[in-house]
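In the form predicted alone, a lone chain appears below as C-alpha cells.
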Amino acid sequence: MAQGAILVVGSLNMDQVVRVPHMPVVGETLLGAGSLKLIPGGKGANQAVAMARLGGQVAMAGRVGRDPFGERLLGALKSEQVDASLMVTDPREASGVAFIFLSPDGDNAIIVAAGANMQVGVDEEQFAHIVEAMRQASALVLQLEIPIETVKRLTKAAAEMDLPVILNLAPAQPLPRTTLSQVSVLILNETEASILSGQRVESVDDARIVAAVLQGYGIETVVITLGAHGALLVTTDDAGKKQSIYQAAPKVAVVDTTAAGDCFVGALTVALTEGQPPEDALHFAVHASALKVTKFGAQSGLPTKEEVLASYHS
C-alpha cells in the first residue's frame, strides 16, 4: 500500500437492483419494471470508489467469496485504481449481496446477505496485515457492515498509533463509548443519530443539539446528514472553540438514492485528508452526494471530482 493512502476496511456486495412501482407489503407479489441489474456495491467498496473518483489515493481491505460475484467486485475496485492488495478471497463464504428495490421517486429498500463480509478481520492473519498497513495510511475509514468486534479492535489500534478514524455508523448499531471516543470523525444520518443518542432528529436544530451531545462522547467531529436538507458538521477548532456548520443541499432531480451516503463519506474524507477547512469539506461532500442521486446505481453513479467542482456553478 502506498504511503499516505486512505485505508478503507469494509464490505463489498453485489447489488441486485429491480425497479418497483411501490415497496411491496407482506404477501404481495409485484412485477418489476425491466430487467434485474447487477451493480458492484457495499458500503466499504462504494466509499473506496467514491474517494478514488474524487481524487483520493485509496486502498481497501475486505473479503469476497470464491465465486463470479467476487471476481467482479474485485475487478470493479481495480478498474477504479483502488489498491486491492489487502483483499482476501474467502474459501468458505459466498460474496456479499444486496437486494435493492428501487421506487419511481428514487427511494429504496435494501436487504443485505453479508456472506464473506462477516469474516473481515476475524481471520487473524488478515487482521495483522490490516494493522501493518495502517502504519502507512493517512486515515482509516470504517462502516458497520463488517463484524463489530473488528471495528472496535481496529479503532483501538488506530488510536494507539494516532491514526485518524472516520466512522460511518451505518447500518446503525450501538457501540461502546470507549470506541466512539477513539473516533476522529463520526458520520451518520438522522435515523442513525437518533438511535445512537436516543433523541429524535427531525430538523437542523435537532441535528445541532444531537451532534453536540455526541461530540461530548469525546469525538472531535460529528457530521449528521439530512438527506435533501443537506448536512450539519460540529467540530472543535485548534483554539478549542466549538464550530457548528450547516450546508444546504442543491435542488436536483432524484433518480436513485443508493450510495448517496457513501458518496458523502468518501467526499468528506478526501477533502479533510487534503487539509480543506471543515466548511469547504462539507460543501464538497454535500454537492458530491447531490450529484450521486441524479444517477442510477451505487458505484456506477458516483461522480468525479471535476463533476462536483463544476456543479458549484450550475
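Don't overthink the numbering: it's just position in the shown sequence, from 1. Quick caveat: nothing in here was measured; it's all calculated off a predicted structure.
Another form, the form predicted in complex with a small molecule, is not on view; read the next lines as being about it.
- Of the heavy atoms in Ala231, none are within 4.5 Å of the small molecule in the predicted bound form.
- Although the partner is absent from this view, Asn46 contacts the small molecule in the predicted bound form, with a non-hydrogen atom inside 4.5 angstroms.
- Put simply, Ile110 is close to the small molecule in the predicted bound form: some heavy atom of it is within 4.5 Å.
- Contact check for Thr258: a non-hydrogen atom falls within 4.5 Å of the small molecule in the predicted bound form.
- Among the residues Ala158, Ala137, Ile100, Leu226, the one placing a heavy atom within 4.5 Å of the small molecule in the predicted bound form is Ile100.
- Partner proximity in the predicted bound form, defined as non-hydrogen atoms within 4.5 angstroms of the small molecule, places exactly one of 244 to 252, 27 to 35, 259 to 267, 58 to 66 at the interface: 259 to 267.
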